[in-house]
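Below you'll find only one chain, the form predicted on its own, shown as structure tokens.
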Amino acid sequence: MRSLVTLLLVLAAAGALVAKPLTVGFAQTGAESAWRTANTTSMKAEAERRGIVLKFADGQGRQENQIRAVHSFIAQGVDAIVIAPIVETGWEPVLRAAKQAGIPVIITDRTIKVSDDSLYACFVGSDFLQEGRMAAEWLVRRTGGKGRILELQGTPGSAPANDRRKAFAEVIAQHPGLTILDSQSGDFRRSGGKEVMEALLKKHGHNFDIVYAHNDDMALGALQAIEEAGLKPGKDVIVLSIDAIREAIQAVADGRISCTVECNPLFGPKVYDLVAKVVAGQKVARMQYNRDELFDSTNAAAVLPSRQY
């Protein structure tokens, strides 16, 4: 009888362990754009759907806030940590702390630079270099390789700003008729895009042909400044950007933005699939890129009815 009771207790404990939901800590960058809001919504909604306990921290655009949140997740003993890093560098100490605690880390959206790749399990997100190339190649086709460009950069030091700028510039450099006149940061914010565009208009007047924004929110802010200056986007100025949020695709369909390259924010399902695997000790591919598309006048209107973000 004693053996039977012991067995039943062991089975009950095992059942409790199996039933215990995963607890995941997610250090988000902030809420700087519509893309980011969609990304957060996807992560929260998918966690709820799967019964995952999500510890969410809004970095409010500051890396030190994210690092503090990750230390808190470690102290709470979460099963896994997900980080959408604001900038590429400065992560090694906190990642080492997570590794010592035996907590796997998944990096999403933006890549990081570390001396030891074993500090995180994998990266899932978009190929920012490819996005920059896609935007530049479309511009070359559209303009025949001629035009004066004003660039609105994202957050300084962030992977998307670095890569979208680098890849775009590399393609443009192959076409001497295309020139980047000026490049300033709007910090991925709509208000920043408007403010920077106003400053660039004061500096350059109407002596430019193209605005390349590292994300849609800055492009939409820039549209306001361009129109207030008496210029007509799509006619007087070509505006191209990256993210392909619904509002930007609508602007493409309306002829105000000429092109937007997709950067899909709906990471939730893919991230939690990976969390389940790494927590179980399974091997996963180190770099996992989403497939992104380009939208211009040829296809924007057709995708609007089914657009989720």
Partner chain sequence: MSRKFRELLRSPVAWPLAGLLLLVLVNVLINPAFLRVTLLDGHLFGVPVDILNEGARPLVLALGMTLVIATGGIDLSVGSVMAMAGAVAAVLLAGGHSLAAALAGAVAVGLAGGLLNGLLVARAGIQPIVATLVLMVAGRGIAQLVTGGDVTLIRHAGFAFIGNGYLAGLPFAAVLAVVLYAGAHLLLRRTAAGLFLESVGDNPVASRFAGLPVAGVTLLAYLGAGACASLAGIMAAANIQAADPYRMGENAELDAIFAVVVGGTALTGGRFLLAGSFVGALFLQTLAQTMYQLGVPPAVAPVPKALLILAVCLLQSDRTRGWLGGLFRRSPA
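Residue numbers count along the first chain shown, from 1. Note that the structure is a prediction, hence the values are computed from the model and not measured.
Keep in mind that the form predicted in complex with the partner chain is missing from the display, and what follows is about it.
Participant: Candidate spot Ala34, Gln153 and Ala229, all three in 4.5 Å heavy atom range of the partner chain in the predicted bound form?
Facilitator: So, yes: the whole triplet contacts the partner chain.
Participant: Which single stretch, out of 170-178, 89-97, 114-122, 183-191, brings residue heavy atoms within 4.5 Å of the partner chain in the predicted bound form?
Facilitator: Result for this chain: 183-191.
Participant: Ok, Lys146, His71, Lys166, Lys203: which has a heavy atom sitting within 4.5 Å of the partner chain in the predicted bound form?
Facilitator: After the contact test, the surviving option is Lys203.
Participant: Exactly one residue in Glu198, Asp127, Asp209, Asp79 has a non-hydrogen atom within 4.5 Å of the partner chain in the predicted bound form; which is it?
Facilitator: Among Glu198, Asp127, Asp209, Asp79, a heavy atom within 4.5 Å of the partner chain in the predicted bound form occurs only for Glu198.
Participant: Would you please decide whether Glu46 lies within 4.5 angstroms of the partner chain in the predicted bound form, comparing each non-hydrogen atom pair?
Facilitator: No - in the predicted bound form, heavy atoms of Glu46 and the partner chain never come within 4.5 Å of each other.
Participant: Would you check, heavy atoms only and a 4.5 Å threshold, whether Glu247 touches the partner chain in the predicted bound form?
Facilitator: So Glu247 counts as contacting the partner chain.
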